[in-house]
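This document starts with one chain, in the form predicted on its own, laid out as C-alpha cells.
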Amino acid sequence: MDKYDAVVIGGGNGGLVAAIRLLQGGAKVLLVEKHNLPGGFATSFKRGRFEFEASLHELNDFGTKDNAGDVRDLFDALGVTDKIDWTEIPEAYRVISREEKIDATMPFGIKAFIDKMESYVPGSRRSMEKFFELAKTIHAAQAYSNSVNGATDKKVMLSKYANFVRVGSYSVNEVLDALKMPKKAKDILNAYWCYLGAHCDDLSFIHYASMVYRYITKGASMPKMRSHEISLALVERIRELGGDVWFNTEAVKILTGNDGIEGVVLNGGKTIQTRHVIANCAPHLVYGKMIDNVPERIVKATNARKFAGRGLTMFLGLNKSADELGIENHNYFLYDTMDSKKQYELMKKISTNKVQATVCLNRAYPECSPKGTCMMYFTTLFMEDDWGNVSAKDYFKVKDEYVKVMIDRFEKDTGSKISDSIEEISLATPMTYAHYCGHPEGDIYGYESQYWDGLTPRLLMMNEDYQNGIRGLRFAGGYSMRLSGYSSAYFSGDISGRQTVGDIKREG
C-alpha cells in the first residue's frame, strides 16, 4: 500500500496550487486527476486551425512586475510566473444594456475609470471616489485576514479596518445607495456582477468591491497559450518539487475512521494510505459519493448551500479579422437590463436567457489565431437547472436554436456581422461541463455568494468549519472558502495547502 502525507484529488486550479504548497512545506504528495490533462476548466482544445480557450476570459489581480497583484505574488512564490508567457488585456470592459440604452467602455486604472464614469454620468465622481476608497480598505483587510489564516484579532479589525466591519453584512446595492451613487453610474459599475453569479441585491458588497478593485488597479492578463499554459506550468513545478501526479486516475472513495481520514481508493481498487486529503471538487460529490456514513451535521450544512451558475459557452472561429468584422473590444457584457435581480430571473430559463459575456482574444493577443482570422467565446450562466429539462431527443435541436440566439444578440447589440464568417463552431452546455468535470448540474461557479455564505463568512469560518468537519479533509477550488473564479481558486489552494502543512506538523 502506497503512503503519502497528503493526497490532492483533482488537478484543477486549486488542487494544483495546493499540491505545490504542500510540497514546499515538506510533505510527500500525490495528486490524482481522472482526466488525461491537468487544469479542469483551465484548459484549451482545438477545432480545425483554431485553439480555443475553454473558460478563462481574463485573469485579474495579476498585474505587472512594476505593479504586481496578489496573483502574481502568489505565482512568484510558487515558482511559476516565468514559466508562462503573458499578455495584458487592453481595457476593463464594454457593457451594453437594452433597457437602459447603456453602451459604455471602461478602462483600467482608478483615475481613468472615475474620469470615464464622470464623462458618462456627470456628478458621479465623488461617489466613485468613495467607492474606491472603501474598496481599498476592504482589500487591505482581506490581506490581513489571509496573513493570519482567518484568525483575525477583533481589536485590529476595529482599529485598522473599521469600514470593512461596517459594510460586512450589506449587499452591493445597499452600499452603493448609501454612497448616493447615481443610478446610471451604479449600472455601469455593476457590470461585473455576472462574474460572481449572484445579483446585486444578494451579492456581498465586500466580495464585489474586492473583485472590482483588483481588476481596476492591477488590470488583467491572459496566457498567450491559453489557460492550459498555467496548468502545465503548475504540473511542471509539482514534479520539480518531487511530487507525484497520476493522470487517468480517479479517486472513487475516501476512507475514514474514528480519527478522520485514513486513505483514498482509486479506480481499479488501488488504495493509498494518507491522513490528509485536499479535494478540488464539489463537497456534494465528496459527501454524496465518496465517503460513507457522513455525519448528519455535515450533510445539513452542505445541502444548505445553493448552486451558483450553470455554464454555457459558444466558441467561434471566424475566417475574417476582428477589424474586418467590426469587433472593437476584448470583453463585452450584453444585458437585457441592468436591474441585476430582474436579469437574474431571466437567466433561469433557456427561453428567456439572452445574456452574454463575450470575449475576442485577438483584441488582447492578435496572433492567437491565424492571420486574417479571429476567435470569440460567448458565455452565459443559467441560475436554475433548466437544461436538465431538455430531453435527449431534443438536445441538439435546442443547442442549435441557442447558438442562433447568441449570435443574433451580439450582432444586433454591437453592429458586428459575424454569422457569415463562421469557420468553426462548438457549444458547451451545462451537460458538457457536468460530463467533463463532474460538477453537479454543470455548475461552474460553485456555491452562490449570498449574505450568510459569502466570501467574508467563509474566510472567517475556515477554522470552525474544519473542526466541525472530518479530520484531515479540506477543500480547494470554486466550492471552497474563496468561492469561484480563477484567482479565487488559486488562493483557495494556497490557503488549504498551507493549512494542511500546519495540520501535518502538529500531528508530528
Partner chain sequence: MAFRFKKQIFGFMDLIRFTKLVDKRRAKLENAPATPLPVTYRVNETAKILHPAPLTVKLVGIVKDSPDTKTYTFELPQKAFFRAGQYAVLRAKIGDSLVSRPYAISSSPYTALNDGKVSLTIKKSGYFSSYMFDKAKEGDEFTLSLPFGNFFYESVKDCPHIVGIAGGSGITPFYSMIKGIEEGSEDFKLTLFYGAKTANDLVFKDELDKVSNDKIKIVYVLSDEKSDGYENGFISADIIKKYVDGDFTAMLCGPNAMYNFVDAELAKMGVSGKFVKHEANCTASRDVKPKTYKLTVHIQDEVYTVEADAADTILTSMERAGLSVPARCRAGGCGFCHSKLVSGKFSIAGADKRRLADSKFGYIHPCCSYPDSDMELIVPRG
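Numbering follows the first chain given and starts at 1. Being a predicted model, the structure only gives us computed values, none of them experimental.
Unshown form predicted in complex with its partner chain; subsequent notes refer to it.
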{"query": "Proximity of residue 47 to its partner chain in the predicted complex, heavy atoms at 4.5 Å", "finding": "yes"}
{"query": "4.5 Å heavy atom contact, residue 175 to its partner chain in the predicted complex", "finding": "yes"}
{"query": "Contact of residue 101 with its partner chain in the predicted complex (heavy atom, 4.5 Å)", "finding": "no"}
{"query": "Partner contact for residue 218 in the predicted complex: its partner chain, 4.5 angstroms, heavy atom", "finding": "no"}
{"query": "Three-residue site 72, 74 and 89 fully in contact with its partner chain in the predicted complex at 4.5 Å by heavy atom", "finding": "no"}
{"query": "Residue stretch of 187-195, 93-101, 239-247, 331-339 approaching its partner chain in the predicted complex, non-hydrogen atom distance within 4.5 Å", "finding": "239-247"}
{"query": "Heavy atom within 4.5 Å of its partner chain in the predicted complex - the one residue of 326, 122, 438, 79 that qualifies", "finding": "438"}
{"query": "Its partner chain: the contacting residue among 409, 116, 214, 228 in the predicted complex [heavy atom, 4.5 Å]", "finding": "228"}
{"query": "Contacts with its partner chain in the predicted complex - residues in 290-316 whose heavy atoms fall within 4.5 Å", "finding": "296, 299, 300, 301, 302, 303, 304, 305, 307"}
